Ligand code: NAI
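Single chain ahead, written as structure tokens, the form predicted on its own.
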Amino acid sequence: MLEHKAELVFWPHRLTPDNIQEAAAANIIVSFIYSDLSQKVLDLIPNLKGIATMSVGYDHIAIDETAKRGIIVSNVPAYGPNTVAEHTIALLLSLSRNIVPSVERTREGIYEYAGLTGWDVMGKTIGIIGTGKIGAHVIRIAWGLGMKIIAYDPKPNQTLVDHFGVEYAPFESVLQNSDVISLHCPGSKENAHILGKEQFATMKKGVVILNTARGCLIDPQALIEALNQGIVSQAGIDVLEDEGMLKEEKQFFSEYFALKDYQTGMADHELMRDPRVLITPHNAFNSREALKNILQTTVMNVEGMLNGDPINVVVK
């Protein structure tokens, strides 16, 4: 129960160095992943004591700096892992049965299935990279669809082996032997571009790539090349490497983005236009149930900070 009075101020846009003056007096900031909470921004919020991010990920926050300054950072560790998993499988089934072109054709008044032949997921091998909460739900659903499941995770989950027959294997082996590869690992520096030119070259020809985790996990230019070479036949993507820039195209000309960011953005735009690729706008989390969980957890995180008993604290 909240014991302290707090003044709430809401803004309809993300926090950036351009509008930081609005929040300069804040003691606690509630943000989503699109807000910039880098060292440069933190320098301009001298009274900041806490950050409650409405997300699992916190790579938009300068965690090293918050630790030095004694700023508490709380996240939403599990708002709906099944929600993201269901979106992942929705992308897979949409690709396998050509759902989007089928719907587009019938809306144009053409009731004809020629050229829309799909493929069965049953019997295919799906490689899961990361078997945490979301990856585990993808495994559960894929098992129900009759898929063979192989996986890579530094910390294998024996329960998944026992219940769903998951075969854990080295990362390279999973890439080489999967018909479908689905990413469910964090967007850390160590994981940046874990799927790049070298990794795509080892995959089965015709592999399908799914990413509902973090955009930085895939080198977009390498993915485009793999599509054009026929290595990747289809891709279902809910996250792009530089979503913040793509969400506001005027920021292509901002001083806050380097040349490499422009190049990444252009590659991502090319993926958006490719008919072999389904891209959704970071929508995997967006169910009524998950949104309710996010709000409830965020309120509890803020109350914990105000009451001196923080919960869901991110530890570097």
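Start at 1 with the first residue shown and count on from there. Since this is a predicted model, take the numbers as computed values, not measurements.
The same protein has a further form, the form predicted together with this ligand, not shown here; the description that follows concerns it.
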Counting any non-hydrogen atom inside 4.5 Å, which residue from N177, N191, T106, S233 sits next to this ligand in the model of the complex? N191
Can you pick out, from I181, A213, V166, L223, the residue that has a heavy atom within 4.5 Å of this ligand in the model of the complex? A213
Exercise: G127 in contact with this ligand in the model of the complex, heavy atom 4.5 Å: no
Contact of P186 with this ligand in the model of the complex (heavy atom, 4.5 Å): yes
Applying a 4.5 Å heavy atom distance criterion, does V239 contact this ligand in the model of the complex? yes
Might K205 be said to contact this ligand in the model of the complex, defining contact as any heavy atom within 4.5 Å? no
Options 114-122, 133-141, 224-232, 96-104; stretch whose heavy atom lies within 4.5 Å of this ligand in the model of the complex: 133-141
If you look in the model of the complex, which residues in 154-168 sit within 4.5 Å of this ligand (heavy atoms)? P154, K155
